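Quick setup: one chain, the form predicted on its own, written in structure tokens, and binding and motion questions come after.
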Amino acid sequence: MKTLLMLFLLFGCSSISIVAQKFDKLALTPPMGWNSWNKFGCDVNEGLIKETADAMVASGMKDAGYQYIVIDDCWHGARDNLGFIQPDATRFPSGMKALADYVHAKGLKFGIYSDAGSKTCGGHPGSRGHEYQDALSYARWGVDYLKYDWCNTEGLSAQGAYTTMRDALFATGRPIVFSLCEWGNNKPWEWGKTVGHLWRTTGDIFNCFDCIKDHGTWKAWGVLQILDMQKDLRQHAGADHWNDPDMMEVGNGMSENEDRAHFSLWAMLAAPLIAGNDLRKMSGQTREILTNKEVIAVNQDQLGIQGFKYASRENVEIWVKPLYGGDWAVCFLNRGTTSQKIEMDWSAEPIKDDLSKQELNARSTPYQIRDLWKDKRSTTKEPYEVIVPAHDVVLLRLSASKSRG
């Protein structure tokens, strides 16, 4: 009763009676940022987050479009005597409000993590039964993004639990991007559009291009395995409601070829671009991949259409993505372990996308071609030939010649 009275006084009568919904227009393009989990797991603290925010600015990632600095699991301390969550005072001695202020002062946005269950995946206090309290705390701290996990949720309805937190966030009045990390078990793409701004479509990724890691009760997936799980989901994605194939592993131990392919494929999927490496120590190669503005433009394209696999030829897949203004992105992915030559006669292969109603027809419209990784240019007047290295991609942008003045 004391907790309910406190919430009543904090929110006020009008807030409690408001019709809840999600905040609109917070993610008109896929969110871009950084999350601590893939590289640091539970080893998070105030210093790391401040240094990462500094590095996001200094590295050029902020200028390339990255916005969010998100602390994943294990930031939690205990709840106070009213049930409000507190940060771990040893790891975050200045508190979350001060940390959010630091991130905001860098021109960035601040994100945090919780779980729909009684405990987080790392065993810390979850939000079950405390949704409105936790949402209020996040709003007070200045949180801009919430990743909401699905551990220890026995007996809960996924749609119901995520809707409850959506309502709690909306009741605070502070616009917060809501990331549903439900792993795709309950098909969130079928109901998530009105609940959150993005939803996980799979279990966890790990830093391998073509592998499965069996943990016994659950599995982690390589880049190609997660790519394959995106089949038949593209019709559910769009502005303010994105399929999320998990955070990126670029810079976490794969080869340069694999990192480039991973980043390109996430761009083609219109996936959230959430880096998961150590921004403070990344190599020049990793930085160049993560800040390639032309590849990012494919991901952030305002048409908001997720790409799709058009064809497979031996070990090479051809992925296409319609872009705003009649442009197209075309990605040749070599899944194999040896280099592969690919040929494409543009005039002989019109490509139509039934979802977007767009058509790439080089017979009627000539296109200028730009290789987004090697800055090579050509046109669709001649057949295209290229050698795609193992576990690598060639990513092209085709622009209709008539649109060039």
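No experiment lies behind these values; they were computed from the predicted model shown. Numbering starts at 1 and runs along the sequence shown.
The same protein also has a form predicted in complex with ligand GLA, omitted here; what follows describes it.
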Only one of Asp134, Asp144, Glu249, Asp149 gets a heavy atom within 4.5 Å of ligand GLA in the model of the complex. Which one?
Asp149
I need to confirm a contact call. Of Pro93, Gly122, Gly326, Gly83, which residue comes within 4.5 Å of ligand GLA in the model of the complex, counting heavy atoms only?
Gly122
Counting only non-hydrogen atoms, choose the one of 197-205, 282-290, 169-177, 259-267 that falls within 4.5 Å of ligand GLA in the model of the complex.
197-205
Give a yes or no on whether each residue among Asp73, Tyr113 and Cys181 has a heavy atom within 4.5 Å of ligand GLA in the model of the complex.
yes
Indicate whether ligand GLA has at least one heavy atom within 4.5 Å of a heavy atom of Trp37 in the model of the complex.
yes
